[in-house]
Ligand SMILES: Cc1ncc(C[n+]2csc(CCOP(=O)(O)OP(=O)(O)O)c2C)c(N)n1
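Shown here is one chain on its own, the form predicted alone, set out as C-alpha cells.
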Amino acid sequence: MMKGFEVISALKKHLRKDDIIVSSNGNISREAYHVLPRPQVYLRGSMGLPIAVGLGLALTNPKKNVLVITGDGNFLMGLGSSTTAAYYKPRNLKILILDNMKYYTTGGQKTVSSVINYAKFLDSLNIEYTDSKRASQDQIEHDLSELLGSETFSVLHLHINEGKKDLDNIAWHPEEITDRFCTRLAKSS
C-alpha cells in the first residue's frame, strides 16, 4: 500500500490541464498544494464539505472533470453530500477516498471506516465504485487512470498506509484560495 502523499504525487501524470481539483482540509490539502498544479480548491476548516463543493463545481462546469480528494473521516462526515451527488450524478465528478482509518490531521484518532461497507453504500446509490485494498503501485496507477478517464460519476476508495510529509501549510487564506481559483477558472473557460 502507498501513503496518501505518494498517491497524490502519482495523480500528477493522470491529470489533464483543465481538471478541477477539490482537496479536503488538513494533510490532503497541504499535500495537493505542494505537489499538484495550482491553483485548485484547497479546503480549510471545512470538515465534511469536499463532495458538496465538488458537486457544485461539477454541475456548473460540465465540460471539466472535477476530482475530489478526500480522506475517510471527511467522507464519512459528509455522507449527505454523497447522496445528493448520487441524485444529480454529474458525469464529470470523480471522488478519490484516501482511507487510513484515522483522522490523521488531528492526531490520528480512529474513524469508523473499518465498519462501513463502502461497496454496499455506494452501490445502493448506483455510483460506479472501485475499491483498492492493499493494491500495488501499478494497480493504483491503473485505478487512478480509470477514475479520471471514466465517463460517469465514479468513486475510487484507496486503502493507504499512515504517514505524511512534513509540509508547510498553504500560504493563502481561504479568500485568496477562492480568488486565485476563480481567476484560473475564468481564464480556462
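Bear in mind that the values here come from a model prediction, so they are computed numbers and not experimental data. Heads up: residue numbers just count along the shown sequence, starting at 1.
From this point on, the text means the form predicted together with the named molecule, which you will not see here.
The closest heavy atom approach of Gly78 to the named molecule in the model of the complex falls outside 4.5 Å.
Although the partner is absent here, Lys102 is a contact residue: one of its heavy atoms lies within 4.5 angstroms of the named molecule in the model of the complex. The closest non-hydrogen atom of Leu36 lies beyond 4.5 Å of the named molecule in the model of the complex.
Using a 4.5 Å cutoff between non-hydrogen atoms, Ala135 does not count as a contact of the named molecule in the model of the complex.
When you look in the model of the complex, the only residue of Val53, Leu125, Leu148, Met47 with a non-hydrogen atom within 4.5 Å of the named molecule is Met47. Heavy atoms within 4.5 Å of the named molecule in the model of the complex are found in one stretch of 150 to 158, 66 to 74, 126 to 134, 53 to 61, which is 66 to 74. Within 4.5 angstroms of the named molecule in the model of the complex, the stretch 115 to 152 places no non-hydrogen atom at all.
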